[in-house]
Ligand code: ARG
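Here's a solo chain for you in structure tokens, the form predicted on its own.
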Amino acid sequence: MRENKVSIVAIVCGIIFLLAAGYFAVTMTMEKVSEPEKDYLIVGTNTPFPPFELKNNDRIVGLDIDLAERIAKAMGKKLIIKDFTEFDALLPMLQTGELDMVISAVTIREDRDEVVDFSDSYYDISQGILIKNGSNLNFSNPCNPEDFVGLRIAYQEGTTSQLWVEENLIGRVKISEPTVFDDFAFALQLLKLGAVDAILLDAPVAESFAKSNPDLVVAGTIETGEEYGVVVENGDPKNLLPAINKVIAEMKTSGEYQKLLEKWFGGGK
């Protein structure tokens, strides 16, 4: 009789446990379904890349950051900026869902468009050549591959500057082995110390660095016809692009975008 009583108690306890577990699971599922949409927007960027993104003491500022704030405001969300030390880490982190979008002077390209989605263009750029002031280097206007013969070139990894060097210089004209970097502060020191002859980077950024560094100068530009876009996950699963494109269009129509250009470039493009 003792064994039977124990079995009955065990069965009853098991039923109660299953019912409780089922209720808990249903409750958790309902809570997950009814969980409100998050009230923040996580944006990835890479500093320094003035005037689009740069650090001002403990704050990250720039044209891209102002645009991100305008987008977040239109969505009714709080903006959270994550600054990455490596530019080429931005898109992989976006693809994992760790970021909602990337605003970091990212050029719209077909190869990138295969793995992420872009907003409408918000800025047109070409490549610039940053050299040490006083260097006896001459470049055509616009520049061409022959201008780089014998030079030590540096560029940031994962950028369109790297793509231009690989497509137009390596294996085509005689140059030294290019220097690839992640951090612009490091690259600028290499240039100032004479370890490299020129840095290839987006023209407005080259001009910004030259403006804040009297010992540097922009030697010329390479016409590449690039465009910047805001980046979201492939397929836009969070449905952000309609709001982003609407903000870009409204800012251009209202004159707000021109004011943004004047703020960061002192008179626009």
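For every residue, the number given is its place in the sequence shown, counted from 1. Keep in mind that what you see is a predicted model, and the values were worked out from it rather than measured.
Omitted here: the form predicted together with this ligand. The next part is about that form.
- Although the partner is absent from the chain shown here, Gln156, Thr160 and Tyr228 each have a heavy atom within 4.5 Å of this ligand in the predicted bound form.
- In the predicted bound form, this ligand lies within 4.5 Å of some heavy atom of Ala105.
- Although the partner is absent here, Phe87 is a contact residue: one of its heavy atoms lies within 4.5 angstroms of this ligand in the predicted bound form.
- Although the partner is absent here, Arg112 is a contact residue: one of its heavy atoms lies within 4.5 angstroms of this ligand in the predicted bound form.
- For the chain shown alone, Asn46 is a contact residue for this ligand in the predicted bound form, at least one non-hydrogen atom being within 4.5 angstroms.
- With the partner omitted here, the stretch from 66-74, 213-221, 46-54, 232-240 that lies within 4.5 Å of this ligand by heavy atoms in the predicted bound form is 46-54.
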